[in-house]
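Here we start with a single chain on its own, the form predicted on its own, put down as structure tokens.
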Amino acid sequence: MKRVWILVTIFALVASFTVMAAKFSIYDWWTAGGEKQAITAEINYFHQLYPNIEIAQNPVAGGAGANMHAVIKSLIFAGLPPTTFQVHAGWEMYEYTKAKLLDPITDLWQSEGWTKVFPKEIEELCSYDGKFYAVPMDVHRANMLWYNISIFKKLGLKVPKTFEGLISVMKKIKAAGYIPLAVGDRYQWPAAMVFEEGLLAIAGPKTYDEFFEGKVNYSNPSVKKALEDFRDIMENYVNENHASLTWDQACGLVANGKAAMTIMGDWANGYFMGLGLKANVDYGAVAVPGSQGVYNLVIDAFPVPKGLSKIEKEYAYDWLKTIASVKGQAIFNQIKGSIPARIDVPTTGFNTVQVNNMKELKTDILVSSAVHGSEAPAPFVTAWENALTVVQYHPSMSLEQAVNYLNAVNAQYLTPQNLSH
């Protein structure tokens, strides 16, 4: 009887996906605050343009997309691909293209003239082996420090210019009874962001890139210093309950005046806006001290999976054209807190943080985030985040022991074979 019930359940699931195949089926991991509002607004705009297309949105929470990608791969391998899905441009997308799970969309890039409106570095992250496979919906900036203006004014603090100065400010904030840096690393990656952005600020963009290319490791003096500062921050200056909170809950500590700062991508901007807070009035935002002049890219993009029917592929192309349009990019990013990937979108309707980032995207050195799927392959990122967690929870481990341990992880995963694409 149990076996019969299992078979019935499987047939029911297959039947439901078969019905869904006639719809526009989209998967994303935008489930919190401003990001949920942003994707809802974009889908509503798509529905206005194509009212006869039935839309089935499937948000999957958790793990900065890791949970969702497990679902997506299962569906594609089962011959039941969604019409499209969210993916980070760069290595996260490369994993799909290497496995031949995506259809190239170079024809669409050419017919729409997108190479004239997206920066070259973003084009490269959306392409593989000379062909385009995804369309960018936004550009997020990972190397952002958010701070509670009221607390800074009350304590007479100025935003520091260096990472060393940032730690000095943390000491003063802690002495005043506030949480210096809010972190919510229930899913590990926010803590890895603290190290990643510290590495960028201390070592600079060249060494940052070389680190994730396996050319330098933690024995490099600037990388070693970034590790030392990471351990110091996580041990002495973050909220005690950080391991039980999510990134948005950590931002909430800044919003409600319990914490003075947080290091988070500019999706935090959307979170604060969703609470009704105003940039440069209630909260401030700057590049992580020491990383000024460098833009750490996080790019949400959408591809076309293999196995779609002709009508589904038409729907997918309609969606890609919508999200890449000037209006589509404005509608989504104004709410999300990010900025358009297109450089020709007017700044009208964006807040001061976004306008500044729109300007700096055109002038800064552009690098991409490893934590968020662009700079390094997923197996390394998973092992790296786990290793940083081990180091974080073993404060008795000497700095040299931590260096040796983490170097072994790099040596295992950042090999020429693993880095080839």
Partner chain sequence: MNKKSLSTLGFILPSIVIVGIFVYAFIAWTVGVSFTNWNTLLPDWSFAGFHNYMSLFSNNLRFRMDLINNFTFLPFFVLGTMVLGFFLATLLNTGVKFESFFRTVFLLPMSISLVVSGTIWVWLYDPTNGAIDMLLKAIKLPTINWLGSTSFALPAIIIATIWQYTGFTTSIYLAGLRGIPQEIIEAAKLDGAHGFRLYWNIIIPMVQSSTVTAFVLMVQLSLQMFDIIWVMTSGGPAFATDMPAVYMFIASFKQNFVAQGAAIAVIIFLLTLAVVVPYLFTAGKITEEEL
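Numbering follows the first chain given and starts at 1. Everything quoted here is computed from the prediction, not taken from an experiment.
Heads up, the form predicted together with the partner chain isn't pictured, but that's what we're talking about next.
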* Asked: Ok, 315, 96, 146, 133: which has a heavy atom sitting within 4.5 Å of the partner chain in the predicted bound form?
  -> 96
* Pick from 31, 382, 40, 58: which has a non-hydrogen atom within 4.5 Å of the partner chain in the predicted bound form? -> 382
* Examine residue 241 and determine whether its closest non-hydrogen atom to the partner chain in the predicted bound form is within 4.5 angstroms. => yes
* Asked: Would residue 358 sit within 4.5 Å of the partner chain in the predicted bound form, counting heavy atoms only?
  -> no
* Does any heavy atom of residue 394 come within 4.5 Å of a heavy atom of the partner chain in the predicted bound form? -> yes
* Decide whether residue 187 counts as a contact residue for the partner chain in the predicted bound form under a heavy atom distance cut-off of 4.5 Å. => yes
* **Interface stretch in the predicted bound form with the partner chain - options 243-251, 195-203, 333-341, 116-124, non-hydrogen atom within 4.5 Å** => 243-251
* Asked: With the partner left out here, if you bring back the partner chain in the predicted bound form, are 70, 389 and 405 all within 4.5 Å of it by some heavy atom?
  -> yes
* Asked: Heavy atom within 4.5 Å of the partner chain in the predicted bound form: which residues of 277-295 qualify?
  -> none
